[in-house]
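Let's start with one chain on its own, the form predicted alone, as structure tokens.
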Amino acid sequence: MTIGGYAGKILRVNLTDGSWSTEKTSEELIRRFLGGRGFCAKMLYDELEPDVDPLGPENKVVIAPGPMTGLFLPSSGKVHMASKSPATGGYGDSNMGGHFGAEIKYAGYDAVVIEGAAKRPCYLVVEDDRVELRDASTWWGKGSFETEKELKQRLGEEFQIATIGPAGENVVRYACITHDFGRQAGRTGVGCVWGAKKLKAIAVRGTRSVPLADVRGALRKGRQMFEACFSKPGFKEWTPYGTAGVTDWINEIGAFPTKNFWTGYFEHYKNINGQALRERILVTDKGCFACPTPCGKYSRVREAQRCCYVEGPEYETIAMVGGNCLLDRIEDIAYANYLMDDLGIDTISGGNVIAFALECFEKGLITEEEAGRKLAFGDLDSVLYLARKIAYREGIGRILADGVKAAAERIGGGSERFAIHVKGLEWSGYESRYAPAMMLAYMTADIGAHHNRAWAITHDVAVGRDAIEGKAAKVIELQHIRPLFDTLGLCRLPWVEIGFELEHYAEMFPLVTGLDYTWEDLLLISERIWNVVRCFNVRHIPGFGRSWDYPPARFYEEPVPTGPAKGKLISRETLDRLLDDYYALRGWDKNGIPTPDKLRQLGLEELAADLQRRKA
């Protein structure tokens, strides 16, 4: 049968010899893994051997929209990018909005796979059936924004372009990919892998349509979904502030990262919240493809030495570059956001690493001579200085460019206690010593400490923040729902922020694809993908298991010193109880390894056999 929602082809590009080829998107891959994150996980599992160097030519990048990307339904502009992560050594992916994913579908591809490594800087041009690698020496060394602007001038405004900045070129292990002058594939260092491959940019233009199983039905349902979004009570409250609007609430419950997660309350939060953004720097709202609730805030800083336009800051940047580094002006955060975007540094990991360095300096673990200058929390110049040093791997930046885990191993002096990460990926914007479900969500997130797999902090507040019972079950439930959006090619924010019902997506899926899958069927596929990623980590990270799921000691030995969560922490014993509950419900063993029975139950017989063979 012909399955709707898919272009029908996968494009493979080999940077080593400049060749490219296409292959048919297999029906089995579609039926078992859907697209987006699912395609990324399964293809990388199948195609990468355990000894592959994340920065070597054998590593691959898979770029995959989903079956609903680029269609007439709310917020259908998402694309997934994945590789073996240089940040963690395991599976790494990042999700990006904008218009890039839709354009890949219109060009006729369900995925683009980047293989090999070029000898000289290059960029990839895809225009329907025309695929070319071109010399990028002109742009090597330039920032993300200038590169995108000049490539659009050369190729045409219709091209959708993704770029890396100097951080990616210099293989900063948490370098990001930038698109549409402010959308990022930020996490796990996929931009670093582009840099190691000498890939500066990808430009895509497509003119094809996407086949649908029921065109009229999908059009009718899509219109209904847009109308439902506009009618939601939360629509008018959410849109003006976007993600920056959660700043006040997070601070008021004592979960706002402050001074390298030393505490969870920032006294100057009103100077950096959504209202400050809207009143002092906002130019206009900015949405991604088909977005009815534009969370992007296009802003301008008008200060003598620091004048810029930037999309943001989003909440995560406000938290990690703002509160976590003690910057107390929205203008300062916006400028740091601009610089880090242009350099190609993930602002989540970047803000975390910079705050770690500031604490190391404050404690005397980094000297003024080693740093190259005095450093201080709350000092914008310190933040900008460190960002540049990291992007160009200069001085102290050579150590910090590898992330907090590796930096703490180099610096020593007990700094590993406040190197805030799990599995080598820096923690994002929620201090969780008084939020057991959110803590567990960070610990068990498959790519390392990231909030987008299970934003469970609202559940903590709703059912009681001291409660432990039932928290593991809720985290698993969210870990199946939220990544499913990444698989389908959709943004989850309408569901999360304005209460848009999940039933709409369940009703739309068969109209698009013709597959008679229920919502429960889709969640089962999401669970299957989750286990594939866990197995990838077992294969690729020596000794991977339970020990990789613990947070740093600050979170279970140091009570929160100030604010609404003062005196709170989650003991190591409680963390073990949470992990025990989680592993049992997942069907994994006590070490956090999926059992053969569980894998076979999920239809992953080949993974069960592979793990047993490797264990033997």
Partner chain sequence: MRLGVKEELCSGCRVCEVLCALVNRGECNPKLGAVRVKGLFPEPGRYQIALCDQCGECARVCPVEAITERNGVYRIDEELCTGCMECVEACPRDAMFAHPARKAPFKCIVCGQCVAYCPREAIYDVEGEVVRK
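Bear in mind the structure is a predicted one, so any value in this text is a computation, not a measurement. Residue numbers count along the first chain shown, from 1.
Not on display, but discussed next: the form predicted in complex with the partner chain.
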Handout entry: All of 205, 212 and 289 within 4.5 Å of the partner chain in the predicted complex, heavy atom check
Key = yes
Problem - Sole residue of 110, 446, 103, 426 within 4.5 Å of the partner chain in the predicted complex, by heavy atom - result: 103
Problem - Among the candidates 294, 510, 274, 254, the residue which, in the predicted complex, approaches the partner chain to within 4.5 Å (heavy atoms) - result: 294
Exercise for the section: Considering only heavy atoms, tell me if residue 181 and the partner chain come within 4.5 Å of each other in the predicted complex. Expected result: yes
Problem - 4.5 Å heavy atom contact, residue 99 to the partner chain in the predicted complex - result: yes
Handout entry: Partner proximity in the predicted complex: residue 157 to the partner chain, non-hydrogen atom cutoff 4.5 Å
Key = yes
Exercise for the section: Look up in the predicted complex whether residue 250 has a non-hydrogen atom within 4.5 angstroms of the partner chain, and give yes or no. Expected result: no
Exercise for the section: Could you tell me which stretch in 361-369, 190-198, 214-222, 464-472 has residues with non-hydrogen atoms within 4.5 Å of the partner chain in the predicted complex? Expected result: 214-222
Handout entry: the partner chain in the predicted complex - contacting residues of 376-391, heavy atom within 4.5 Å
Key = none
